[in-house]
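Below you'll find only one chain, the form predicted alone, shown as structure tokens.
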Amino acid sequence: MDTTISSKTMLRELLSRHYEEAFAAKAAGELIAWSTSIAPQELLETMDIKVVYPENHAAVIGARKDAQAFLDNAESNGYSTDLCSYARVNMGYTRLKESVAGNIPMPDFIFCCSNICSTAIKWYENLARDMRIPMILIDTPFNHTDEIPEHSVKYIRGQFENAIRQLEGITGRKFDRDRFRDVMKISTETARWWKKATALAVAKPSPFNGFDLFNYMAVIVCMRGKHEGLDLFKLWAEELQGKIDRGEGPWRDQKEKYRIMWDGIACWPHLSDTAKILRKNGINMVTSTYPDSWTIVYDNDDLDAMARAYSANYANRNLNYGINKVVQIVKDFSLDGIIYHSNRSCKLMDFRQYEVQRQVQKQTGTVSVIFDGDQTDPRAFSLAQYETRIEALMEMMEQRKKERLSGQ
């Protein structure tokens, strides 16, 4: 690991190399897969297949304010504005194939895991149909019970084995079980270090501005099974621990006055505005519900444990689990408040958000606000509404601090 550079520099270099290597592989006639963000990448890494993640790419397109042309193209081809904007941006990209935010090579097959949402299945089915390429699906049943049932574990493990056979058919190569064990070990270790780094925000003040989570998240998506990803998170954790030891907070010119959680994906087209308004008021987003989604940890060589881990994603768990998870986050990170992003694209999370908010406030007393927005569609966000919500949150957090100090 090269510790002569910062983790932010390493982050930029790794992401740049990720796309360069994918294009080089495509030019050399190698297979390219498009995959959902929390899929069992261990299978693809074992086969040395270059993988590109449309969600990562759509997020970058949104952040570079280039989403509208792709949204328009998808909508003109019959896709409703009520559909996930990541899907619409990606479907539009398959036709336009050019973005100022950077391009990705077109896939030779599709790799889909349903643990992020059921929309992903239809999105990826349409990609496979339109481009006339194979699709491998890992179906993870939604966990209606608090614990992941054993019959689901067996079902998912069976799909892992079937996916291996499908990959052998697509590549014409035998699956290397010894390499698979090595990749599983790296993936688990990388996830552990990701968890260690993001958990350091429990310190007061937090050593980082939580919006950094959204940047580093790109690597936990695309390099969880690579040594480079492991090296990045080790370096980041080392840097953050150094800041804690020196008593440094998230900003050089601003103190951390309030600590909050952000629930939901970032508003990529309005990332700067949403972050600046928080910083201006000393509000630090120290965590979110998302880091644990990529903390996919399991015992090496244990396919049942791996199946259970991929089914345990926050979005694939029931309401009770979600409430308990946020309650624990409030306690662990000493939160003053919560911002819930009612993301038009993410219906699964939106529909239960109000009940999560109600139960978390009832159990912890933590104040919160909900604002309307979207992960990549700029039309669904109002800066004025966002500012009003943040002002209301500040007033409630300040009042609650006064009440605690007075012993009420």
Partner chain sequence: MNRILEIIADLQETANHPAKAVKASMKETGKKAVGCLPYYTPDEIIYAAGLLPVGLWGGQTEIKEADKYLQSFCCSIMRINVEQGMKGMYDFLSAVVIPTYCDTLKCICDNWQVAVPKTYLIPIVYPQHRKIAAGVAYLIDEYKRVQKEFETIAGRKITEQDLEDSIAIYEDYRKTMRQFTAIVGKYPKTLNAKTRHLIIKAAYFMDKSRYNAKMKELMEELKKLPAENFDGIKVVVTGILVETDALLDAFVENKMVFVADDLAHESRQFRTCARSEGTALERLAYRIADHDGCSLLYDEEKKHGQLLIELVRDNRADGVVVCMMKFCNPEEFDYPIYKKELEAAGIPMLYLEIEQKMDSAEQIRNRIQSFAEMIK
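Everything numeric here is computed off the predicted structure, so don't read it as measured data. Residue numbers count along the first chain shown, from 1.
Although not depicted, the form predicted together with the partner chain is the subject of the following passage.
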Problem - Check all three, Ala203, Asp253 and Gln328, heavy atom within 4.5 Å of the partner chain in the model of the complex - result: no
Problem - in the model of the complex, the residue from Phe111, Trp236, Trp262, Trp123 that sits within 4.5 Å of the partner chain by heavy atoms - result: Trp123
Problem - in the model of the complex, the one of Thr46, Gln353, Asn56, Thr364 near the partner chain [non-hydrogen atom within 4.5 angstroms] - result: Gln353
Handout entry: Stretch in contact, per heavy atom within 4.5 angstroms of the partner chain in the model of the complex, of 191 to 199, 112 to 120, 223 to 231, 271 to 279
Key = 112 to 120
Exercise for the section: Report yes if any heavy atom of Arg379 sits within 4.5 Å of a heavy atom of the partner chain in the model of the complex; otherwise report no. Expected result: no
Exercise for the section: Report whether the minimum heavy atom distance between Ala87 and the partner chain in the model of the complex is within 4.5 Å. Expected result: yes
Problem - 4.5 Å heavy atom contact, Arg317 and the partner chain in the model of the complex - result: yes
Practice task
Tell me, yes or no, whether Asp82 is in contact with the partner chain in the model of the complex, where a contact means a heavy atom of each within 4.5 Å.
Solution key: yes
Completion exercise
Across 151 to 189, the residues having a non-hydrogen atom within 4.5 Å of the partner chain in the model of the complex turn out to be His151, Ser152, Lys154, Tyr155, Gly158, Gln159, Asn162
